[in-house]
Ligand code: P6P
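First, one chain by itself: the form predicted alone, in structure tokens.
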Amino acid sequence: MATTDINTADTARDVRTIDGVVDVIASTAPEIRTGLPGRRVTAEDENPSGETQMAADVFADDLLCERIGALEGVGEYASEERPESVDVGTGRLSVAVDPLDGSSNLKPNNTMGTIFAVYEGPLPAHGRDLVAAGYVLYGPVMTMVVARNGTVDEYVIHDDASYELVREDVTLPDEGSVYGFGGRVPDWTDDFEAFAREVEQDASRKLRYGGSMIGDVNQILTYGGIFAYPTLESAPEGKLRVQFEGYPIGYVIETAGGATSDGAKSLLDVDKDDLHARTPMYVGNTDLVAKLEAALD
């Protein structure tokens, strides 16, 4: 289980701020989704990770920065789309977001999402500094998953920006039934490829990989199993960003009773001091993540 939760936020103001961040994410999601059709084109710039920005990335980032930054209690805002964090107030909580995870899926009209993390302290922060995290999934239905106060809840977001609780205290199923592995197979390490082939041999598991990390992780939260974006021969540090993807997804999955790893330890224990640092990511049921770590040892 994730060990840091809302109880570490020692003032009522922090509680209100966390609730406010969740409200902003939920109320902004319909506007982000509505704005996607006219923004399926590339922007002029690359993001700090060297990836081509979509106009929708910039649009979502600007909306979230303005609205989260207006919350009393938030001191810093950072996103995958900005080279540095932005000082937005005097609060002691910081918010990091991936405004539009999977934006490359705009062209084929596939799943995307928004990921958020609330840290106690300045950025870049550590995984154990998290007090809340979650994501919105722009699927056939808009849903929001939130981990805070030691539990994970799922909400449906309506077009009028209202949202309602549909599942309380979400946990991974005991028997995982899906798997998804990112990166090009020829770029996998030998140890990971051997593990992946073993997972594939289990006829009870189905391949689920859509090219949007948050959509693939949501499959794991729903059905159980394992998702990995592994160490690659060409990218030993992996692809996914620690502050914006690794820590918040680690927090959600571990709070839901699952396990996470960078190949050797919990994602929440990864120690990187660069805002845009990357990490390999392995998340899922505890038994499968343990087997993965043993395979890579």
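The first residue of the shown sequence is 1; numbering continues from there. Just so you know, these numbers come straight off a predicted model, no measurement behind them.
In what follows, reference is made to the form predicted in complex with ligand P6P, a form of this protein that is not presented.
Peer 1: Specify the contacting stretch among 100 to 108, 150 to 158, 124 to 132, 137 to 145, defined as having any heavy atom within 4.5 Å of ligand P6P in the predicted complex.
Peer 2: Correct option: 100 to 108.
Peer 1: Work out which of R33, K239, R67, K272 lies within 4.5 Å of ligand P6P in the predicted complex, going by heavy atoms.
Peer 2: Contact with ligand P6P in the predicted complex is made by K239 alone.
Peer 1: Examine F227 and determine whether its closest non-hydrogen atom to ligand P6P in the predicted complex is within 4.5 angstroms.
Peer 2: Contact check for F227: yes, within 4.5 Å of ligand P6P in the predicted complex.
Peer 1: If we define contact as a non-hydrogen atom of the residue within 4.5 angstroms of the partner, is G211 a contact of ligand P6P in the predicted complex?
Peer 2: It does: once ligand P6P is placed as it appears in the predicted complex, G211 has a heavy atom within 4.5 Å of it.
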